[in-house]
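Here you get one chain, nothing else, as structure tokens; it is the form predicted alone.
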Amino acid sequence: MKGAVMRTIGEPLRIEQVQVDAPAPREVLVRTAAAGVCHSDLHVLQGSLPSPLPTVLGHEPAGVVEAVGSEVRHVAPGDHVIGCLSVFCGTCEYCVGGRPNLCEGTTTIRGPDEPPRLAQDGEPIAQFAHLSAFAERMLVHENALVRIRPDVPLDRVALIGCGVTTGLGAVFNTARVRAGATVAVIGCGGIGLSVVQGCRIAGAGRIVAVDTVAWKLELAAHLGATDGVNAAEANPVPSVVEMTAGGVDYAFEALGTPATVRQAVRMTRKGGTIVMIGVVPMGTNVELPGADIVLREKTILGCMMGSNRFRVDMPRYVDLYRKGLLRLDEMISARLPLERVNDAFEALRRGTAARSVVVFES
């Protein structure tokens, strides 16, 4: 099968022939229909997130089950599925405690004495985020998949595999935004736009989108933001504080830079909540105003993949899409074949795409 292989940090992915093994017990072979191109993939490509090499990137997929190994119970050949990097074992403390997104999933990968799931001429190819979606097939543990209804377009619902689940989950699961609340969303890429939509669905009274790109602010307004602040023109904190009469109840940081995390803290009112969603590069520390946090009783929450329970959450998000409450079509900037995956990364670098989707022939 064809796959986009990363061999060197900073170098373009190479479209190569990769061998995929047969499903072992509890494993599923999925024909990839579509995979969104996420900033986390770009972080790995640029070296700010570590990953074994060589690897096949991609972790926001949807597809169709082709074959299953023994003991598989959740899916069957022909089922439409969404893949999620939050693969869960089902037995650890996090899983049984209701936080499966924090499961380390070590029992869902193959051991060193087993053949690799992906290889090339005998050389193992590391599987990225339990998925490696930039390939025509994915061989995954069944606990990395959720079965969905077959009457929704896979190139749209693929976005639910990471960005949408992270954004909506940050609102519904992590912060639990109250109806009528005031909200700021810093960064209006795929995740930030999903936060905007989650806040709209949750009934937030005012949703302030913050970004440095005018067209992203326009898209955020189309998806539910009530106000927009262009951070390229001036420090956004005074504008947000003024328009919300002292600051917002919730500030969502969806970029992962120390400067924007500090902005999120400063634009939050007394008793407010800051939700850190953006992945801060490994080794980078964020210095925060301690007195402001303590004396104004602000809460800072980390958010890993929207605090998801994806087998419960994702089918619900699919239903929100079917009902017109969740708008996915508008978030897709481009649909590209696998051979143009590097163009999708370049669009991410330049900030010219909300979400690009790699689509595969049926």
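Source: prediction; values computed, not measured. From 1 onward, residues are counted along the sequence shown.
Keep in mind the form predicted together with another copy of the chain is missing from the figure; the text below concerns it.
For the three marked residues, 94, 102 and 295, a heavy atom of each sits within 4.5 Å of another copy of the chain in the predicted complex. Proximity to another copy of the chain in the predicted complex, taken as heavy atoms within 4.5 Å, picks out 86 to 94 from the listed stretches 86 to 94, 130 to 138, 68 to 76, 147 to 155. Although the partner is absent here, residue 222 is not a contact residue: none of its heavy atoms lies within 4.5 angstroms of another copy of the chain in the predicted complex. Another copy of the chain is not drawn, but in the predicted complex it has a heavy atom within 4.5 Å of residue 276.
The closest non-hydrogen atom of residue 46 lies beyond 4.5 Å of another copy of the chain in the predicted complex. Among heavy atoms of residue 205, none comes within 4.5 Å of another copy of the chain in the predicted complex. Distance criterion of 4.5 Å from any heavy atom to another copy of the chain in the predicted complex singles out 286 from the list 201, 241, 286, 109. The contact with another copy of the chain in the predicted complex, taken as any heavy atom within 4.5 Å, belongs to 291 out of 214, 179, 291, 234. Residues of 302 to 340 lying near another copy of the chain in the predicted complex, listed in sequence order, are 302, 303, 304, 307, the criterion being any heavy atom within 4.5 Å.
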